[in-house]
Every structure is written in C-alpha cells, then in structure tokens.
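The data below hold one chain only, encoded as structure tokens and taken in the form predicted alone.
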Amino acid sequence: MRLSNKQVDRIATGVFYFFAFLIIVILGGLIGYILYRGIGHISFDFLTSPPQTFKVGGGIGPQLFNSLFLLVLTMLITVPIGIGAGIYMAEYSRPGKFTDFIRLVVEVLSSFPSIVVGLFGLLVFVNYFDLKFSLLAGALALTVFNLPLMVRITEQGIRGVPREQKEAGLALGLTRWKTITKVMLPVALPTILTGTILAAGRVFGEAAALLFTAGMSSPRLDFTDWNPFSPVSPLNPLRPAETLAVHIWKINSEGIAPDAAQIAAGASTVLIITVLLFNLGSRWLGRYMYRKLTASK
C-alpha cells in the first residue's frame, strides 16, 4: 500500500512533534529534579557565607562572587575583540585564502572541548606568562573559548542589516566607519546583545577550563578591602579563585563536610537558575531592543 503525500506529511510531522516533546520532557525532568533537590537549601546565609570544610552549614558566597567577577573580566576582554573581529569579517575582509583561513580557525576554536582550552590556558597563561592560577588566567582562557561565538554572532548581525540602509548611509556622505557605527551597529545590536548574554551564560557555567587556569581554591576574602592589588581583596584579578561550577565538582568529588550533598544540590540549583535567567533574559532583551530600534508594535 502506497501512502499519499498528505499521509507521509502527517507521519513526518508526528515524528517531529514526538521528538520535540521527548526533548522537552527530558530537559524539564532534569531541571525539575535539580531544583527539587536543591531549592530547599537556598537561603540568604547560604548565598553569602563562606564554605566549611569539616563543619555543617557552609555556603557559596566567595564562589558566587568569583563566578560573577570572572564573568565581568571575561566579557570585558571578549566583547571588544569579538565585535571588532565580526565587523572585520562582515565588512572589511575580502574573499580569498586568508579570509577562508580565518573562518577555518574560528570554526576549529568553536569545536574545541573546554578541557583542551583549559590545558592551553595552563601552558600559555599560567606557566608561560607566569599568571599562575588566577582570575585573569581563567578569563583569558574563557575568552579563547567564547571568541568564536562572539565573532559569528556579530558577523551575522552585521550581515543581517538590509543593504538599503547601508547604501543610504553611504549616499548621505557618511564614511564607511560612520555607516557601520551609526547605521549598521544599532540595527544589529539586538542580535549582538543576545549573543553576548548567551556567551555570558556559557562563562558562568564553565568548569573544565577553569580547573587548570583559575584554580580550585580561593583565599579568605576581605570584602572591606577594595584595593585590587591586595592579596585578600575580592577585586584582585591575580588571585586564585574557585568558581561556583568548580566548587560543585569539588564537593561532589572530594567533599568531606557532613552536608556536602546538600551544599552541592543547593549550589547546582543556583547555577541552573542563573544560567536559565541568562538565556531567558537574552531572548527578552533581544526582542525588546528589536522593537525599540525598529519602532514596531
């Protein structure tokens, strides 16, 4: 019996819906399980107090701060380089072997496992440049990890600007650079912002690359000391810093506190919620900026 085109279409549609529903169920079940195990352990004291090695009641305060500070450092390095490289690839590069080589390098970097990026950071930033285990070494390693995403997103955003708008700017006598910065970048801004926030979410949840660059320990921090050159200052970029994702791995692998399982569950919940907020926030902000810049209702 030969099926008609409509029957084939219905079967294919049903298969696609089934797999989409299966993925949603698996993802929802995983997130729900993590939230169920950890949501009851989250409190203000848990989010602000330092961890305990042997006693009950440790928190994740320094690790949470380290993750946020590392995120800021990484994005301060990644965003300018990524946007500049994306503009070059979209507007200044000419088709040829050199441009093809750059695209190949970007694609290869985007496919590297994070553990390989961490080993690269260990050899280059930690040992060769003698940054030791530090926030700065971790930020540089994560910059290598995130640059391909920023370059691709910026290039796609610039190429997505209607050609008429670019030509209108040039016709009004604007220079090429003025046309890019005053006409094209504002239109591409929603796409670039969305990509930036998604890259920030990847930074916040990264662990493997930071094991070899930022370290697995953090000194006692004095949050009244804001001198960035002080070894106990939270703003010192040259101090070792255990992030939240690394802390979760460390607790699960070698934690000896009586409530290690509860701390790991609570920290995992905080990490999941934060990454979800990054992703949902990026979508909301992208739509908001698009409506604002295009004046669409």
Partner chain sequence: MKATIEPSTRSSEGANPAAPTPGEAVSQPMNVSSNQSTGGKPSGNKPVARKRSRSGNEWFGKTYTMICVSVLIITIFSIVYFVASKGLATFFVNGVSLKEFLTGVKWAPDGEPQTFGALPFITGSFMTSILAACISAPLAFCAAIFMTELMPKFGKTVMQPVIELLAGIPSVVYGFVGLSVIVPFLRSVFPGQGLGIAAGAIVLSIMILPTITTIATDAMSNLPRGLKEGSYALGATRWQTISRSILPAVLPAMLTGVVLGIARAFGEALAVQMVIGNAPHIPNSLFESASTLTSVITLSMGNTIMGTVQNNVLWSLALMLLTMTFVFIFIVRVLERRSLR
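Numbering follows the first chain given and starts at 1. Computed from a prediction, not measured in an experiment: that's the story for all the values here. Between two forms, the rigid core is the largest collection of C-alphas that superpose within 1.5 Å.
Below: the form predicted in complex with its partner chain, not depicted.
At least one heavy atom of Y92 is located within 4.5 Å of its partner chain in the predicted bound form. Taking the partner from elsewhere, V187 is found to have a heavy atom lying within 4.5 Å of its partner chain in the predicted bound form.
Among residues of the shown chain, R37 is one whose heavy atoms approach its partner chain to within 4.5 Å in the predicted bound form. In the predicted bound form, I272 approaches its partner chain with a heavy atom inside 4.5 Å. Annotation for 255-271: interface residues with its partner chain in the predicted bound form are A264, A265, S268, L271 [heavy atom within 4.5 Å]. L276 is not among the residues whose C-alpha shifts by 2 Å or more between this form and the one not shown once the rigid core is aligned; its shift stays under 2 Å.
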